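For this one, two forms of the same chain are given in structure tokens, first as structure 1 and then as structure 2.
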Structure 1
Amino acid sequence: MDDMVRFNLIGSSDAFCRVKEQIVKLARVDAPVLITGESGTGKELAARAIHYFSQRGDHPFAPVNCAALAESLLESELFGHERGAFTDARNGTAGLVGEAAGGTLFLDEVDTLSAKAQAALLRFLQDRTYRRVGGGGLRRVDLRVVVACNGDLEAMANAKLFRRDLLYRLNVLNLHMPPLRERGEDGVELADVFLERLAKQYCLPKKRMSPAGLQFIRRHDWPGNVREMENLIHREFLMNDADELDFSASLPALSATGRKSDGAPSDFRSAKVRAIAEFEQCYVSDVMSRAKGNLTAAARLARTDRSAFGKLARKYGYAGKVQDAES
């Protein structure tokens, strides 16, 4: 399965080998795929692999984060607009659907689409035709739609929060990405690959995990899955001077006293900043764990709105990529 390494899909546990086999099968057929799985389990990586292994691999892969699209702009982002459609729309745009022609349109966090956006998507999926915002003729485009979500669309459809007719259209083929804690020794294998990459990236000698570090990898729950582990190792690689890493530089409990490694107290301001960061990290980890990696459910538990909690979660390595506005 060398090709899988080329697409960055690391892991040889039984659960993950089944995923890789399924990816190969899904790439051979040309129908919509619904990818499910907790935050950070590799849904986007899997979508990319399906695309590049498919006959559409030479055409574009166009990822869209539905949660990041403003409702008012969604239709024009997806379907483009004609020149002059808005006061500031001087030039027409092809929209993501136009840009993905021949390739794969990847709709991430599809469970966050508003009712209006769900209707627009359903219309498009029914006959692959669309009109740009602001008029113009009916256009037809040939592309494959792959969607991902970390919520339970079936439950959302039962609660009338997601259109059942759209769910049926999307859920022709299904791929479930298992959480890292159910992937046996994959955590250890991934850690090794990440450490090698980091050494190259920073032109530093390679570091290893200590026995305690490996133990931690095996025992931790990883509610933010691979992304959480990647971020933690990145931080540890930069902050821990030892050749063998044990996560002591990044784990909250070990540095909560506000003391530096030489035992001297640090200044008030940095101790406070660190204490807040540690609290936030623990809190986010706990809530994400209870919410089984589902951002919407986690925000509800924390009684904050989804975008505020999403921002906090991303800061600590949970949930999708940092959006432009926050970087």
Structure 2
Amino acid sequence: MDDMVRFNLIGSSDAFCRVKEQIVKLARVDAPVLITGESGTGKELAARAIHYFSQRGDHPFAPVNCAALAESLLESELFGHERGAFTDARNGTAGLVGEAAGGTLFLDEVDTLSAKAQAALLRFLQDRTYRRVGGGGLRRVDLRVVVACNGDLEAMANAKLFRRDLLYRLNVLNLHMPPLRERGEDGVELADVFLERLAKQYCLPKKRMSPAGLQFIRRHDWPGNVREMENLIHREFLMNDADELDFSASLPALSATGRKSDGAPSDFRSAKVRAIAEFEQCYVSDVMSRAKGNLTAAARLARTDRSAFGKLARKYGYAGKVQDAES
């Protein structure tokens, strides 16, 4: 299990040890895997471990963010295209499927695929054959497909938002990544690893968590899971000059949610407005980051109208990124 550290799969809790045992088992067989779990739980890390522990480990691991796939160029990006297949197609490309030949194609955020994309993927999964855009020859490729999602694909299938026949093709084997709040002392273990890596990265003396910092790690819900925790420790490491860190540099207002600056409770209406604004800002920041600043992809991730999400993004200072995505 020590090899798991190479893939940043760190933790000794019973829940996470079961995950690591499952990864080893999944790597021994060559079938599609569906990885589920909240954002930030390490689904791509698990997919990489499954690939590199498998017999395909010497071949490519090709990760794909489905939310960022442009609808108009979907088949070209997945299956490649021939030279001259469309405007600006000056050279032929192998596509993501071709790049993953012999290895693993990892489709992240598979729950964001449009109906057209789902149909194209299903057709490919049936016999692993495809045609490049603008090409007439049928190609066959040997690869493994691993997918991940934050949403409930079964519920989406019941709501006619995801093809059930595609779900059957993808959910042959499954792995669930538990949220950090259900992993016991893993947060403390992760914090120590992160601090050691940061000290090496910045060539600075290693710091440690204070008793108050450790208590915070144990009590916080970590809605953004390991990704949120790593980002907070990174900021605390750089912004706090003390040898012992307690998150005071990163979260000065955390305990003040719903309170006035003098410590007295604010009225319900004001506290509610503030809480909603804080949630919206964090949510928009997370979604825009996952979509790499692409508004269309972000709206698809949020499952909301592009125009409405654009207004929300502008409200919280993403005007420049939104304009870039729209231009």
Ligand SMILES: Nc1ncnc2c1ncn2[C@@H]1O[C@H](COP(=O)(O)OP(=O)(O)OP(=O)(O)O)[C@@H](O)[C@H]1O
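Under this definition, the rigid core comprises the largest set of C-alpha atoms superposing within 1.5 Å between the forms. Keep in mind that what you see is a predicted model, and the values were worked out from it rather than measured. Residue positions are counted from 1 along structure 1's sequence.
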Which of these two, 1 or 2, is the form predicted on its own?
2
After the core is matched up, is the C-alpha of residue 45 off by 2 Å or more between structure 1 and structure 2?
no
Rigid core fixed, the Cα of residue 292 shifts between structure 1 and structure 2, in Å, by 21.5
